[in-house]
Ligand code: ATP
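The chain below stands alone and is given as structure tokens, in the form predicted on its own.
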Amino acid sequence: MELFANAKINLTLDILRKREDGYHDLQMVMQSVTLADELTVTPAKGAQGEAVSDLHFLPTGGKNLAQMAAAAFRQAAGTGGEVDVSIRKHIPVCAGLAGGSADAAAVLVAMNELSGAGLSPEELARIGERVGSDVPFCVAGGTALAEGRGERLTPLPPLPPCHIVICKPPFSISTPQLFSRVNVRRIVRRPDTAGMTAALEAGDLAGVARRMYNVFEDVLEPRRLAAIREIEGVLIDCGALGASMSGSGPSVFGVFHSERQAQEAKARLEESWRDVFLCGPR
């Protein structure tokens, strides 16, 4: 079975509190985009399934999120055999775009169909919680308010038609380190989540873009923040209605009305950065 695994961006990301279990309660407006990995899922040739990709450094066995999803599906559904997963990566890794979670979600969808289990998207999302916090959203896709660790989803009206430019600078950011720097009581600037929801309900793209914000930007190391701000500046200079970092970074995205301006921004960014993508909402 061949299918696509779509990346996500965070239109907003807020951290509400630290929980007793060590995790944080989050409130995020998430959006799937047309930037996607290509997956092929087939019955395993050997006794155990493998996950292979065009990136040699990714794990191939049980530590790969795609194979973790396959194992979680078999355990929860009580059906489905071992599968081999072939991944052609287009979503950058360690980028704040949920590439691994998107692959895991796609495997859940594929195994549900291949096995004939007939599980609902909600049931697949609950299985996905065992694999990663972003997997439930990647199963559902679209536009949603994500709460808790990201597993509690409320569908929202779709992002109006637009063009999205994504740029990933050539470094990674440790999510645990970012969380360790966050003092919830000292967060001064927060995204207007209610205003973002209202803008989506009104189909107001400019209103959405004005409200895009990610509290993680306030706890970045200065040298990392400088790169994020540089990319955001190029996007705004080229006509983006708004720009923000996605997830725990380092990918930055801008939202455009005009495809011409989005193309110009992509070309400008490609002068300095390798991983630059033009896509749209999905």
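Residue numbers run from 1 along the displayed sequence. Just so you know, these numbers come straight off a predicted model, no measurement behind them.
Same protein, other form: the form predicted together with the named molecule, not shown, and the subject of what follows.
For this session: Could you tell me which of 40 to 48, 221 to 229, 55 to 63, 234 to 242 sits within 4.5 Å of the named molecule in the predicted bound form, going by non-hydrogen atoms?
Result: Result for this chain: 55 to 63.
Exercise. Heavy atom to heavy atom, is residue 141 within 4.5 Å of the named molecule in the predicted bound form?
Worked result: Residue-level check for residue 141: no, no contact with the named molecule.
For this session: May I ask you to check whether residue 169 falls inside a 4.5 Å heavy atom distance of the named molecule in the predicted bound form?
Result: No, residue 169 stays farther than 4.5 Å from the named molecule in the predicted bound form.
Exercise. Hey, in the predicted bound form, is residue 89 touching the named molecule, heavy atoms inside 4.5 Å?
Worked result: Residue 89 belongs to the contact set for the named molecule.
Exercise. Residue 200: heavy atom within 4.5 Å of the named molecule in the predicted bound form?
Worked result: No, no contact at 4.5 Å.
Exercise. Though the named molecule is not shown, can you say which of 83, 97, 159, 212 has a heavy atom within 4.5 Å of it in the predicted bound form?
Worked result: Exactly one residue meets the criterion: 97.
Exercise. Of the options 184, 114, 93, 71, which one has a non-hydrogen atom that comes within 4.5 Å of the named molecule in the predicted bound form?
Worked result: For this set of options, the contacting one is 93.
For this session: Determine the residues of 119 to 137 with a heavy atom within 4.5 Å of the named molecule in the predicted bound form and present them in sequence order; the list may be empty.
Result: The stretch touches the partner through 134 alone.
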